[in-house]
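Just one chain follows, in the form predicted on its own, and it is written as structure tokens.
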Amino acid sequence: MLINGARLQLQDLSIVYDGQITAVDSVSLDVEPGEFLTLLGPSGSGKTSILMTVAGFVPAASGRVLVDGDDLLGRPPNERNLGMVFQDYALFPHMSVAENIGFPLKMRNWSKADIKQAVDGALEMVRLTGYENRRPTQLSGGEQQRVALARSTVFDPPVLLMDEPLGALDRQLREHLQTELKRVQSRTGITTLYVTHDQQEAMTLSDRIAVMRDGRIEQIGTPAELYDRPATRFVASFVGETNLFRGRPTGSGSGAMLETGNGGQIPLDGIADLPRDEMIEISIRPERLTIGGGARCTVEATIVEVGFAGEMIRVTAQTSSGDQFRIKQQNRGQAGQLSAGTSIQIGWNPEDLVVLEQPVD
């Protein structure tokens, strides 16, 4: 891949609204050239505020926004030379597709010949060759999104900013355009800062994800790192489904257990350096749990509920002490063998259990 993007750095960035509401609190972040980094979090976590401050639409209370070492703060949006794709695409309805895509080049005083060549290349990249004379109202939502993407990259900006650009589309089209978006980003090598609250979208598109909560970055890492080794309860719960248990470790080695608040015991065999006399919290993903023997760590439980979800079967089971486990298994025709009231053995491997860094007091 030819990397055309720049390094984007946020240094101790804080954003305050109305002089008293802190939307972003001293966030620092490095986005490498050509990297696709997503800000993921619920509404109010600060992710869109960061994007709009980088774009120049929201002022910063303090900190720096650097593109290849050049501080952008204080400059108006039109002087930052950044690409931007909004959720509503913001296409000009009175212009053709070609005119919409060529608009940033016209504002930069490119010649007509150079504009046509660049627009033709952009249309080919987003697979809309032949659509140049259509108006936005003649396009589907997915086609409009691709026009907006072409317009935002046609002038080779050093950084592309995207604010939930797929949020208004239906699920099937959204999943298709995720593939298209990643293809275009990989082909251009443009540094991309993406905002979404959709965990699946973030996992599909991103090289790295910064999970945000209450104006701060809770954890940053690759999709696999965040999913397999979440650092906190919030990340474990927000990025996918999980089973959470809190309690106090007892015993050691193969006899180590987590004693839960209701007197249950969950095996901690294989977990090194367990704290003593401290409350801890553990996480284990539903699909890492098995039903039946053969696993190193096991508990006895009774099925409470079975849910059929096409290719997946969801089972909720409860131990005699009241601890509940949610289990996801691929459907291999075993649904009829699982029913409420059935006693089962739940198992897992030690490496699939994560001790979270921030236990609940």
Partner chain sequence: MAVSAPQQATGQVATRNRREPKNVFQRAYRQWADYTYIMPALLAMFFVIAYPIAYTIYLSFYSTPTAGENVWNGLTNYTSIITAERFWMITQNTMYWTIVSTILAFIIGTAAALVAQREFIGRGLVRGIFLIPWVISHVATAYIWVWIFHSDYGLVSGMLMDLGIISSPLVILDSTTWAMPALILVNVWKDFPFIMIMMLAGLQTVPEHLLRAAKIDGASTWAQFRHVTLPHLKGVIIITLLLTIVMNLNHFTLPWIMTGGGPASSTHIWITEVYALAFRSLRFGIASAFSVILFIIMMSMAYFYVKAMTAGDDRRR
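Positions refer to the first chain, counted from 1. Worth saying up front: this structure is predicted, and the values here are computed from it rather than measured.
The protein also exists as the form predicted together with the partner chain; that form is not presented, and the subsequent description refers to it.
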Looking at the partner chain in the predicted bound form, do all three of Ala231, Gly247 and Leu258 come within 4.5 Å of it through at least one heavy atom? no
Heavy atom to heavy atom, is Ala224 within 4.5 Å of the partner chain in the predicted bound form? no
Residue-level contact is defined here as any heavy atom of the residue lying within 4.5 Å of the partner chain in the predicted bound form; does Gly253 satisfy this criterion? no
Although the partner isn't part of this model, could you tell me whether Arg146 comes within 4.5 Å of the partner chain in the predicted bound form, counting any heavy atom of the residue? no
Tell me, yes or no, whether Pro104 is in contact with the partner chain in the predicted bound form, where a contact means a heavy atom of each within 4.5 Å. yes
Spot the stretch among 303-311, 290-298, 52-60, 24-32 with residues whose non-hydrogen atoms come within 4.5 Å of the partner chain in the predicted bound form. 52-60
Listed residue that, although the partner chain is not shown, lies within 4.5 Å of it in the predicted bound form (heavy atoms), from Glu124, Glu241, Asp71, Asp88: Asp88
Please pick, from Val195, Met212, Met84, Leu268, the one residue with any non-hydrogen atom lying within 4.5 angstroms of the partner chain in the predicted bound form. Met84
Taking the partner chain as it sits in the predicted bound form, which residues of 10-42 have a non-hydrogen atom within 4.5 Å of it? Please list them. none
